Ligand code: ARG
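Consider the single chain below, provided in structure tokens and representing the form predicted on its own.
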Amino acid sequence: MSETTTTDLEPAGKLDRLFRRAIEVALDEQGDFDPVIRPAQNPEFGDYQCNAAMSLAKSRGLKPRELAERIIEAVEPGDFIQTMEVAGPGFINITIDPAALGEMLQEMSGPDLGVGTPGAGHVICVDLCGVNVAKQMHVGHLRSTIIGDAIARLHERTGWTVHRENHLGDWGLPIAMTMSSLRDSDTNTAALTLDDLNRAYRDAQLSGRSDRRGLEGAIANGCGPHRVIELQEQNAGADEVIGRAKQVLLALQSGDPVMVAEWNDLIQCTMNEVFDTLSMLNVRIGPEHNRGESFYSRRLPEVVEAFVDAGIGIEDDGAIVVRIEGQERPLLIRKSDGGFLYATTDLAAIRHRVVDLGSERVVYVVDARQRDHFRDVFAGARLIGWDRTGEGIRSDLHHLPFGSVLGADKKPLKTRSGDNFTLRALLEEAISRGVAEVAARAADEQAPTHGMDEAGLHAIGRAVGIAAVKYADLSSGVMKDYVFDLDRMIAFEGNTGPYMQYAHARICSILHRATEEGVEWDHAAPEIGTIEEKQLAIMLLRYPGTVRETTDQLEPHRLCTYLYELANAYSSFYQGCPVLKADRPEIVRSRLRLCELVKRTLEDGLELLGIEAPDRM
């Protein structure tokens, strides 16, 4: 199929292989012909369609219906196809044998739900989160964190060895300026609070801001002496601040134990808050995933030296640049004053991730504004050969750009004062709304959560609130902007995280009642009889291929779309097919088996998105 990665469990994959061979026989030609297998639009006419005959016939001067008949005749007999017939101008309608669907579901129902481990033996590095020391996480960190975590989870699920890399901004002059500001105020860094740190960072940035152009303009335009003196004092003060910060940085680079201890205090203070926020988000990032700019700082001279020795790094007015074919602007890797740049650090990171860690895929989950930067850095890495692992495998260096989180005014989300929302404040609001919604539903005496204690309701509400935020983000498509609308996100209906959780919880309730009634279904064979059962079975069998496709394409929204379609297919099944009140005991057990498989699939899919699936809601 052109848009779906199918597996042996999915009927579409089996049909694709059968019809590819049949088309070669029907045309008496060798070639890789796409049979264009698609789900049927109307289940009354079949389960799938082969739509290839029209285009193939036209290019060969044949009649489409006649070619379709020849294709059907050439299809090798298979025990999973019930009927095939030509319809319309040359479509082939295909009906799958219900008994075969039941057997496929049995095969899928193992511990891994048929996904398998196609990535076993392969290594990926995911650059995600990317916080800066001395600053709080803001809403801009939301997407890089949860998209990156989902990409990592998907690769882990399919057998890859995954390195999560939280590239901390923990080095350089801005950090030294913050440390100098803390020293000026005699702050005890061992007892540092995040408010202290934020204040010191802002003060350092303000006091270190010079305005040399303003001074030149004031003199040139004959501004009054007060303005000139004011600007002179500002620049002198900024120079003094920068000078003291450079002394701190030099001491830090030299390994001064006092400076190193204070620097570690800054990192610890920042990361305590970061890890607490990441815990709220249900994201798998810990201290072991931190690898900041400080890790690469001592490797930067080696990077420049390697480029120069290879004849790729060229001196240009004292600076070292890398000229990239097709690019007017070269890649600057060392400034004329000997300073290094973000590009130098990123080249060192690529070498570590590909050459040292052996990553065959390196995914940078960084916003779209950095597109040009990564294009140039990747080009530089390829020029010097750092895009190949030690085994000579060419690594896929991939920038996964993402869009912005927008407010109701369709502009980047801000507080009323115009500041960036802290991520923690955003999550706390979502959790508060989730808890209120769950508590309101628990007031209904018929609700499964009625009578639950406050702690239990809060845990479910917390899961609902976080699901609302994460699913809304992941389902929108990585590169798209989306409007942050908690009223819509928190709804239990429609394509939302809480709707998926609610579908899972409803199935848990049915299975719980069946257990109370003493019904056993663990070893029941799924019997596919009704249209609703068949559509649900076909939807379930799409899961392994969807997980693989989502992993390969780096597009979590594909999995979100699948889970929504699965929940809707289950709803249609539940409305049309009584479960506990079915006519025969074997049908009860079969339908319970289907319910359990849907429950497991929803739970597994939500887990891949980093979303909890409560048993009661």
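Keep in mind that what you see is a predicted model, and the values were worked out from it rather than measured. Numbering starts at 1 and follows the sequence shown.
Below, we refer to the form predicted in complex with this ligand, which is not included among the displayed structures.
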Item to check | Among 129-137, 472-480, 149-157, 524-532, the region lying within 4.5 Å of this ligand in the predicted bound form by heavy atom distance | outcome: 129-137
Checklist entry - Does any heavy atom of Tyr543 come within 4.5 Å of a heavy atom of this ligand in the predicted bound form? => result no
Checklist entry - With the cut-off set at 4.5 Å between non-hydrogen atoms, does Phe275 touch this ligand in the predicted bound form? => result no
Next on the checklist: Is it the case that Gln82, even though its partner is missing from this view, gets within 4.5 Å of this ligand in the predicted bound form, heavy atoms only?
Outcome noted: no
Item to check | Contact of Gly119 with this ligand in the predicted bound form (heavy atom, 4.5 Å) | outcome: no
Checklist outcome for this item: With the partner omitted here, the residue among Gly169, Pro174, Gly90, Gly114 that in the predicted bound form has a heavy atom within 4.5 Å of this ligand is Gly169
Checklist outcome for this item: Of Asn198, Gln370, Asn264, Gln205, the only residue with a heavy atom within 4.5 Å of this ligand in the predicted bound form is Gln370
Item to check | Arg433, Ala459 and Glu612 each touching this ligand in the predicted bound form (heavy atom, 4.5 Å) | outcome: no
Checklist entry - Listed by sequence position, which residues of 354-371 have a non-hydrogen atom within 4.5 angstroms of this ligand in the predicted bound form? => result Tyr364, Val366, Gln370
